[in-house]
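Just one chain is shown here, as structure tokens, and it is the form predicted on its own.
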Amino acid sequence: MRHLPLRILLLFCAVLLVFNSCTKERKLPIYGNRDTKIVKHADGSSSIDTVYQTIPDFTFLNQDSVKINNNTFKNKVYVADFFFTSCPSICPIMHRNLKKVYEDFKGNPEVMFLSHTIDYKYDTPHILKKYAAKLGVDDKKWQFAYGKRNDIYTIAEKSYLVAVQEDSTEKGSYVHQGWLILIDKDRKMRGIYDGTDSKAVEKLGKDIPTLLAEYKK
């Protein structure tokens, strides 16, 4: 039996490594707090499992004054953010950038968008409806959520890890971070993007198919 020359064998191994690295599925990281728990198996053995932070149950009113909750986003990946309709600074930039991603996935039933208003005094559902129309959103794919101050602020800071607050010294009277958060079908945070940075939002658009691919197995 003839042996392959060493240089051909090395070349074959290099090609194989490149092929494997190219075909290996990329997975997005999981963000947020995490804990561990001991899992007992049927055979009597046990192992340590990681418990990741998830988005808790919620109920809000949308721009059509209809209740939305976790079931609205069941079996969907979605992009969440926090804003207010009279925002004079980052919100218009965030939503102009996010609108491009919305348009790219408008025909994909597995992708949704959820924008929470932090202006609980003014941004009632009919105001959100006008805002959505001005933005050019007229379907259920992009939900605009209105809720009580404590409910919105708590889920922002404790679950989505976005800082929001009232500040009478600021123009608009509210301060918040412009993060866009990508949530998977299991309610875990899989991506955090600066909504005011067009390059970061482009990456969000590229990460969504990567996340969806995890559920195609």
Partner chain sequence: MRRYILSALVLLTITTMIYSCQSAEQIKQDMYFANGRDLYVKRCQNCHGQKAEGLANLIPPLTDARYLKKNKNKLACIIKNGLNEKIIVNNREFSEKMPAQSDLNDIDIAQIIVYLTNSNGSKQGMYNTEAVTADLKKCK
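Numbering follows the first chain given and starts at 1. Since the structure is predicted, the reported quantities are computational estimates derived from the model, not experimental observations.
Below, we refer to the form predicted together with the partner chain, which is not included among the displayed structures.
The listed set H126, K121, R96, K140 contains one residue whose heavy atoms approach the partner chain in the model of the complex to within 4.5 Å, identified as R96. Checked against the partner chain in the model of the complex, the residues Y146, F84, Y131, F113 give one hit for a heavy atom within 4.5 Å, which is Y131. Taking non-hydrogen atoms only, L135 approaches the partner chain to within 4.5 angstroms in the model of the complex. In the model of the complex, at least one heavy atom of S89 sits within 4.5 Å of a heavy atom of the partner chain.
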